[in-house]
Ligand SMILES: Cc1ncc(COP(=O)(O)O)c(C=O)c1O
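As a starting point, one isolated chain is supplied in structure tokens, in the form predicted alone.
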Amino acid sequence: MTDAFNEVVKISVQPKLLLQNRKSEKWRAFDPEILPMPFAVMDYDLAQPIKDALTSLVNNSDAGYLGKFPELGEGLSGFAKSRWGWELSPDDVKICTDVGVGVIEVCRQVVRSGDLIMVNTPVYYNFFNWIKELKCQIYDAPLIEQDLKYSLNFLEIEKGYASGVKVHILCNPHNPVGAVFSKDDLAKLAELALKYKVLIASDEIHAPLVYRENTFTPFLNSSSIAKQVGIAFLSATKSWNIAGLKCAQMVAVDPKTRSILNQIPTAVHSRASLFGAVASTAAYQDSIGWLDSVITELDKSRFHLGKIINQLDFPISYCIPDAGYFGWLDMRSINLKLSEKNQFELSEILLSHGKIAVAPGKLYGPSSAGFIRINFATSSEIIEDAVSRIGVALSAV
């Protein structure tokens, strides 16, 4: 496998008119005059090894069901060791359709209707949908915010664990705030989970997109206790932009947690995609140079976003994220003024007056009204267009 951060691959973004020819949700959800910025996909061209792997399947008319696929476990194992120093057995890697399906199916083995499942808001809004599907109750232990830097609130977490929480769905790296939790904090969390018999379901889908000055620690590699209380959920889909191919990985490394994965119906594996497994293997094994070049581009974009936001004559705050490709913009004071004037919600104002679609902060938890999330995994021209449209919308109200 290519060593981390040592191969340069050209990263390109098609002009907006060509991007609009794509058939995925991002470019079909809104009318053409709307700039779509809320979706968790990148505008970069796919890595060539992934294109080649998929083309080979098509050329061989190989479009059947997904069966045994040890190559994916081997690929993730090699990537985890090279990238994070995580010694992971390929045999401990199980396949599922996507992270959401994996978390739900694991929880089905652990919880009953009405049980408590913990989240840490503001957090990826589909966590709420997963808990609803399980007919469980949400226990929110909100993150601590200081100057738009977020951390785990261990007092609230322990309070929730003591109240009977069965599963804690952890998001690390965190969506939408871009935080990366430290090894010490993860180990502390594992100790609490062991004390109160809580399963940590660690959503690590954004892990490959951590910036160079930060260190990502897989939860299961944070301590010996973490191995006993956690199951990790990973995927190449966000970091290599292949979400539509439907393939994620579940990892358990302790006999007790392995037994949970072994109870999951075998159909969870077969409902994943052969194309996804092949593309994910090509990502982990052969597309590291592409990933490193993407991180370089995102690194520039996260700072460029901040620079042009500061040029607007509006009170918008933004903290450079430690991982991922989301700008979590604090526009609470603007939203408050809109509310006082009985105006529409902030995201609706941006859509109607600026022709820009964003993810409204209220989706991510009750304390996040007045925030918006936008995706900066695109060209500098589109980022500048997005900020310009925000300025136009705010000037009109």
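What you see is a predicted model, and the numbers here were worked out from it, not measured in a lab. The first residue of the sequence shown is number 1, and the count goes up from there.
Note that the form predicted together with this ligand isn't included here; everything after this is about it.
Mapping the unseen interface onto this chain, residue 357 falls outside it, with no heavy atom inside 4.5 Å of this ligand in the predicted complex. Interface membership of residue 100, defined by any non-hydrogen atom within 4.5 Å of this ligand in the predicted complex, is confirmed. Taking the partner from the other structure, this ligand in the predicted complex has no heavy atom within 4.5 Å of any heavy atom of residue 302. Residue 363 falls outside the set of residues with a heavy atom inside 4.5 Å of this ligand in the predicted complex. With respect to this ligand in the predicted complex, the three residues 177, 319 and 371 uniformly fall beyond 4.5 angstroms at the level of their nearest heavy atom. Shown without its partner, this chain lists 83, 269, 238, 166 as candidates; in the predicted complex, only 238 has a non-hydrogen atom within 4.5 angstroms of this ligand.
Just one of 349, 40, 334, 46 comes within 4.5 Å of this ligand in the predicted complex, counting any heavy atom, and that one is 40. With the partner left out here, this ligand still marks one of 84-92, 122-130, 292-300, 270-278 in the predicted complex; by a 4.5 Å heavy atom cut-off that stretch is 122-130.
If you take 196-213 and check each residue for a heavy atom within 4.5 Å of this ligand in the predicted complex, you get 203, 205, 206, in sequence order.
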